[in-house]
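Shown here is one chain on its own, the form predicted alone, set out as structure tokens.
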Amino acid sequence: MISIKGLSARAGSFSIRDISLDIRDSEYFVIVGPTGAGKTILLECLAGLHRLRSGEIHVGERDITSLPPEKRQVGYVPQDYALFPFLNVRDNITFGLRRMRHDKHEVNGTVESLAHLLGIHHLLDRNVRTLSGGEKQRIAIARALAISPKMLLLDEPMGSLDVRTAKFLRLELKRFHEELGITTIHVTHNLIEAEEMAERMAIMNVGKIEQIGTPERVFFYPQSAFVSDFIGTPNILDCDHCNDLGHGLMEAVCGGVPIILPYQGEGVRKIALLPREIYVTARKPPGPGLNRFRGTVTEITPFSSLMKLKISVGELSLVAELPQDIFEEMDIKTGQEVFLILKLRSLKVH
């Protein structure tokens, strides 16, 4: 287990203040927040790259607060991967082991094992300058894992990857973690990435932790206005009862409104839906009536480049968002009847 108590530090114009956090053994823990929240500084403090103003860091029974980076048994993958351009892939992976004076047989065995795990045998003799972003990420992870760390620190590991590569590598990271069981701390600004990866997550803002919990808990029970805004201020609907419709579908009745969901063997108590995931139109849309409703606009509020619409549907009051240009094109007014589609794939259940 990693135990962080009262951690405070400053790096340039960024700082963290009085961070206390316990991360469970073998847990995949994600720290998420906007740019400037202090996520990277916290990770770098765990890696031993900053002098602390106050606080303690323990890994199990071991106090690593004052230890230099090379004695912390920490594998660290920075945002830019920091691969050595003058070394090939194999030498990048073995750099830490050679500095620790491991014998050649052990080094070769470690490289073979990691190459098999990460699928990088074909890259071992390549110059790192010739690698793609996804390949560089794999090599950086292999180098971090080579020293058999007690914890793995990943700073925005998907930040420079295209959407398709990032999606694939998220699945791969999950597989690596399941196979190795190393306690992992993953930093990102991407909430979708955090929800997909985390067993638990911490939401950070201006150097402090706002909330810690499972992605489901954070989404359904935000503990501050900041957390609610950061996750998109979801509509949280209380379900009155559920009906099994057969064919893998269920009807959840919330405030008198029947919402169709995939049936996974048990009922749901709450449904969450982000305002941006509600499709609103002034004209009745074509197609089947699945999760399509009539509602009345009760309130219109400008918000940045969006318009927030409060819409009454049955006993429910839903908030939807429209880009300002689309809102103006539809010329929606308070008191007007509109049509809504609740996108099935976007419904979260609890």
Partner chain sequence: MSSWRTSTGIAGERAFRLATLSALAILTLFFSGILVSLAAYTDWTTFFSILASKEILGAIRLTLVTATMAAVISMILAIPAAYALSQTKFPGKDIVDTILDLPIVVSPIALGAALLVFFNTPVGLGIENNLMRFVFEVPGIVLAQFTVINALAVRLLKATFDGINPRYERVGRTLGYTKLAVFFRITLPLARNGLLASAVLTWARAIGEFGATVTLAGAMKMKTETLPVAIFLNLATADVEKAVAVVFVLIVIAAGALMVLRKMTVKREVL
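Positions refer to the first chain, counted from 1. A quick note: this is a predicted structure, and the numbers were derived from the prediction, not measured. By rigid core we mean the largest C-alpha set that fits within 1.5 Å across both forms.
Omitted from view is the form predicted together with its partner chain, to which the following refers.
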Check residue 229 for me: does it contact its partner chain in the predicted complex (non-hydrogen atoms, 4.5 angstroms)? no
Does residue 79 reach its partner chain in the predicted complex if we count a contact as any heavy atom within 4.5 Å? yes
Considering non-hydrogen atoms and a 4.5 Å limit, does its partner chain approach residue 44 in the predicted complex? yes
Does its partner chain come within 4.5 Å of any heavy atom of residue 70 in the predicted complex? yes
All of 292, 311 and 339 within 4.5 Å of its partner chain in the predicted complex, heavy atom check: no
One residue of 89, 203, 197, 74 in contact with its partner chain, assessed in the predicted complex (non-hydrogen atom, 4.5 angstroms): 74
Exactly one of 134, 234, 96, 222 has a non-hydrogen atom within 4.5 Å of its partner chain in the predicted complex; which residue is it? 96
Interface stretch in the predicted complex with its partner chain - options 236-244, 250-258, 140-148, 107-115, non-hydrogen atom within 4.5 Å: 140-148
For residue 12, decide whether the Cα shift between this form and the one not shown is 2 Å or greater, given a superposition on the rigid core. yes
